[in-house]
Structures are given as structure tokens and as C-alpha cells.
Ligand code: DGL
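Just one chain is shown here, as C-alpha cells, and it is the form predicted on its own.
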């Protein structure tokens, strides 16, 4: 048994959907969550910057003694997963693989849509994982303003619906029957996304599937918390105001996030991250089969 906490991080509040799913499925587990609000959003940033910011936050979590890392950000998962698994001695769970597995098992017509940040769509990580299955046809669209809406606490306005229509109409016209919400912020916009796509389209998000992966890894590594453990939940942010993060989190999640602390992340020297500049990819965000 291992009563150390699970470390979770996202570029902002989006990863709280994953944290909530882990709390629901594993109520005995303690959590430490960091929202990197100082650098949010990650989506439009160069992959080299995303890698640096991500490793700095993951280092901060490891320094707090976590037993597992959960990268609850699709952009960071695409950018830094390999580096994280090489750098740390604790298990590392990400959010892309679980969503892909659910999409494959959900689709009926083999036409799968994926929406995400510019960085996630440009990385082609979802396309590459889904297209291994030859029966699938994959269509993608970058939705950069979605994160901006969520981080501003705007989830149901007419403007959100209009932007959702603009982004999603090509995917609807492509007759996808399954849509992957390739950003942990997007479940907060599920109402608008579902309305635009129509009732016949299944929405797949990574929160519950990632929580199930966390359980599997805890069992595999014999790290489940002891039956009598009393869970604690620590929420931290890297920005200038803990109050802003708390207010937004409570607006989106209810009052389960309390006493948010500010945390500093250091500047790191990681020579192998310099290779990221050579990995830059096209980021036009257009729908593509």
C-alpha cells in the first residue's frame, strides 16, 4: 500500500475534470493538482516551450513526493510523454490513449472526429493512433477559442454556440458518428458541442477513461492507498492569483476546490528538449481525412 498522493497537472482548469473522475473512482487516493496558469493556454505555443513548462511542473509535483504523475492536458501529453517516462521513476499516465481506445470501441460507421488545440491537432498524435486501425477514417479540427472561453468561465453564451458551429460544421458534414474531445477543457462546453453535432454523435472525453488507467497502474505497481487512508486534496496554481484560479474552478466545478496555493516552478536545463525545435509541425488546424 502507498498513501502518497497522485500528482495531476494541466495548463489551467481543464484537468480538474480528470481530477474529479479520479476522486470519484478512487475516493481513498490523495491528490495534488497543479494548474500552470502562468503559461496557459499551451495550445498555440511552440512545442519546445510546452515541453519546458510541462517538465518544470512535473518536477514540482515529484518534489512533493507524488507516487504517480497524470498529465491531464492533451497538448502536454503529445509533447512530453516520452520525456516524462524517461525522466521520472514513478508511473506516468496521459489522457490521449484512453480517449483513443474509447473512440475505437464507440464508433459504428468508422468515421471519427477529433477536436483539440492547435498544438494537439498539429502534432497528429490522435490521427496516428487512430489510423493504425484501417477501418477508421479520421477527421480533425483545431478549436483554439474553446480553451479561451473556459478559462474565462464562459460556457453557454450565444458566442460559444456560434464559434462551435464554425469549428464543428465540417466535422458534422463529414458524418462522423464519434467525436473525441481532445482537450480536457472541452467537457465544460459539452452542451454547445453536442447541440451542434446532433444527438446521433457520441462524444468521447478522457476523464473517466484516464481515471480507469490510473487504477490499473496503481494495481500494477502495488500502489493503491491503504483501505483506511483519509484522502487529502491539494490544489496549486503557478499564476499571479490563487483567488482567480479558485473562483474559476468553483464556477466550473462547484465548491470542491478550496485553499488554492501558489507554487513556483524553476527554470530547467534539459538539453534533450532542444530537439523539440526540430519537431515543429504544420499547424493549420484544417479538417483533414
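Positions refer to the first chain, counted from 1. Everything quoted here is computed from the prediction, not taken from an experiment.
The same protein also has a form predicted together with the ligand, omitted here; what follows describes it.
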| item | value |
| --- | --- |
| The ligand contact in the predicted bound form: residue 73, any heavy atom under 4.5 Å | yes |
| Close approach of residue 176 to the ligand in the predicted bound form, 4.5 Å, heavy atom | no |
| Contact of residue 180 with the ligand in the predicted bound form (heavy atom, 4.5 Å) | no |
| The ligand contact at residue 147 in the predicted bound form, heavy atom, 4.5 Å | yes |
| Which of 157-165, 130-138, 116-124, 214-222 sits within 4.5 Å of the ligand in the predicted bound form, heavy atom basis | 116-124 |
